[in-house]
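Here you get one chain, nothing else, as structure tokens; it is the form predicted on its own.
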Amino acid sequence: MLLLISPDGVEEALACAKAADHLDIVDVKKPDEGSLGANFPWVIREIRGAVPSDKPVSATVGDVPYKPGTVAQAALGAAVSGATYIKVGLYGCTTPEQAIEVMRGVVRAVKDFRPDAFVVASGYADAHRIGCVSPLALPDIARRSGSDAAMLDTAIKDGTRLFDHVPPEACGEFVRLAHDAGLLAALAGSVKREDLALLTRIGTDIVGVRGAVCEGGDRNAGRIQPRLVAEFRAEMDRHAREHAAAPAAS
């Protein structure tokens, strides 16, 4: 399982750089513009320069509307700015067909520029609260659009969490559908250390966190702390070892 950490700017990215041995992907977003709020191109460039070159930089394109051309241009901008993982929050897409159209434009725009870029179709565990595509539709949307991964996050950051909206068995189905489609499965949404055993057991490929590695557990007022990143990763690794040992033990 890969660990994706989301700093909100260059200062926090430098904290991530100090904890580079304990994370896999640095994710650039702007939390005050939404769950998958897009940051400025120059911030992506600065963060790309601030973290070790062997750590891929991810960038969110935003909680996007159903405007395929607009979104394709935004995604290309993120790639040009140095991101190799491009995440699109399908906030304004109410049907799978709309989501596929948006993501096909993103895939073409990004991969024409950088064929090795990694495109992530992101949906929301609390889709029922905002009227966008169903969480379990995301793997098929990602597959049919040529994306590389399907992701779930939460749209409304009000203290509710991933499993409050999509129960563990449904998250397991999401992961299975993604894997059956040849995709990676990413899960986020106020994930905490106590969720790691379950996330490991269902085969999650990428776990995205912010609040769990911020002081006080506060994604807004708290700042990312290298010590908390290291502790979170240690817990991830512990569960990975236990999960790997379980079949042998049985």
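This is a predicted model, so every value here is computed, not measured. When you see a residue number, it is the position in the sequence shown, counting from 1.
Separately, the form predicted together with a small molecule exists; it is not shown, and the next lines address it.
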query: Stretch in contact in the model of the complex with the small molecule, which is absent here, among 194-202, 23-31, 43-51, 64-72 (heavy atoms within 4.5 Å); finding: 23-31
query: Proximity of residue 4 to the small molecule in the model of the complex, heavy atoms at 4.5 Å; finding: yes
query: Non-hydrogen atom contact residue 55 with the small molecule in the model of the complex at 4.5 angstroms; finding: no
query: Proximity of residue 190 to the small molecule in the model of the complex, heavy atoms at 4.5 Å; finding: yes
query: Residue 185 within 4.5 Å of the small molecule in the model of the complex, heavy atoms; finding: no
query: Candidate from 157, 176, 111, 144 lying within 4.5 Å of the small molecule in the model of the complex - any heavy atom; finding: 157
query: Sole residue of 171, 86, 151, 103 within 4.5 Å of the small molecule in the model of the complex, by heavy atom; finding: 151
